[in-house]
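The form predicted on its own is given below as one chain in structure tokens.
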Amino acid sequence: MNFASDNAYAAHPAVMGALNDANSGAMMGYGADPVTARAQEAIREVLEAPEAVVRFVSTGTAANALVCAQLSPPYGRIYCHDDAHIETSECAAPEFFSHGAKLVTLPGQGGKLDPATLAQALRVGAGAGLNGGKSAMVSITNATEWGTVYSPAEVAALAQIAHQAGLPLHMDGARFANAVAHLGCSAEDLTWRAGVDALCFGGTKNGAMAAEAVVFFDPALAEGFDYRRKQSGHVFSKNRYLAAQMLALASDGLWRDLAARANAHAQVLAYAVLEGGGTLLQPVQSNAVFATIPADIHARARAAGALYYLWPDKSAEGLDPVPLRLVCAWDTPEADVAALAAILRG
């Protein structure tokens, strides 16, 4: 029973089939192939953004870091949440690829930036001068690192503040599909219609093998991005293998269906936590459950072979109750979900 991460499970058969279909004959390299063209158009159609620039990379870290480097100069200030993935989990890649940009981290409940807090930080940043650097961009994560979800209205409120300060808004969407599936809204309502300027549209955590889409809704913001992607080693010679994965997910709403399946598994576990006397640390709005459970239930889960991280302190063994994170994937076996749920209920 593996609930450690949604990247622990398999690529979807449609993704593998698309890879096999692309694995035939000769095609031009470096993205000049028909598979890449179809995948780019499919992403534009999903987002209802016909003018958007779409490029593919193999990891979420690459996607986020390269967008940060694209939107921020080396002396820039990048505003994000304290728990943003670009702050906690990317080994300073945004700072490295931007050649020195500074992450300015801000508090907020449930992994979400608060408009008033952001507005105050931007006011302070505007007066930082040479000593503090120049405010450059705002980055949010949807779904967040705590599994919560920004609504279109919440995104729009942050975008308005960023844009009033002359800054673009980036969305780290490693679990974008889970956010859309939870909200039941359209992809465009959660992105460009709400004011998002650049999106990292995740595939790897949602049925792909290793593929992410970088989307710039304003083509002017993407000027020079291909050189940056090449310099970082993310222009693949056989780019069709990246593109084929995202093409499969973008076809017939598969990306949304897989996310909805993972979200539903998380809801089962959330109810079980509560029934067993545990506490939810955050509302369960995507495919992750952040909770505390009694130590004896934790011991039983471990004895049954359940894998998951203690959270936020991964060395929190011995606490009672035990804080943990459970993450479901599109193909987490229903039998495993049921088995863990039975243990959580006590």
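Please read these numbers as outputs of a predicted model, since none were measured by experiment. Numbering starts at 1 and runs along the sequence shown.
One more form of this protein exists, namely the form predicted together with a further copy of the same chain; it is left out here, but the text below deals with it.
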Within 4.5 Å of a further copy of the same chain in the predicted bound form, heavy atoms considered, which of D226, E275, D218, D252? D226
Note: exactly one of R261, K112, R193, K102 sits with a heavy atom within 4.5 Å of a further copy of the same chain in the predicted bound form, namely K102
Does at least one non-hydrogen atom of A153 fall within 4.5 angstroms of a further copy of the same chain in the predicted bound form? no
Looking in the predicted bound form, any heavy atom of L183 within 4.5 Å of a further copy of the same chain? no
Does the 4.5 Å heavy atom contact test between H170 and a further copy of the same chain in the predicted bound form come out positive? no
Give a yes/no on whether A10 approaches a further copy of the same chain to within 4.5 Å in the predicted bound form, heavy atoms considered. yes
When a further copy of the same chain is placed as it is in the predicted bound form, are G25, K134 and T204 each within 4.5 Å of it, taking any non-hydrogen atom of the residue? yes
Location of a further copy of the same chain contact in the predicted bound form, chosen stretch of 28 to 36, 275 to 283, 316 to 324, 298 to 306 [non-hydrogen atom, 4.5 Å]: 28 to 36
Taking heavy atoms and a 4.5 Å limit, what residues of 69 to 87 are near a further copy of the same chain in the predicted bound form? P74, Y75, I86, E87
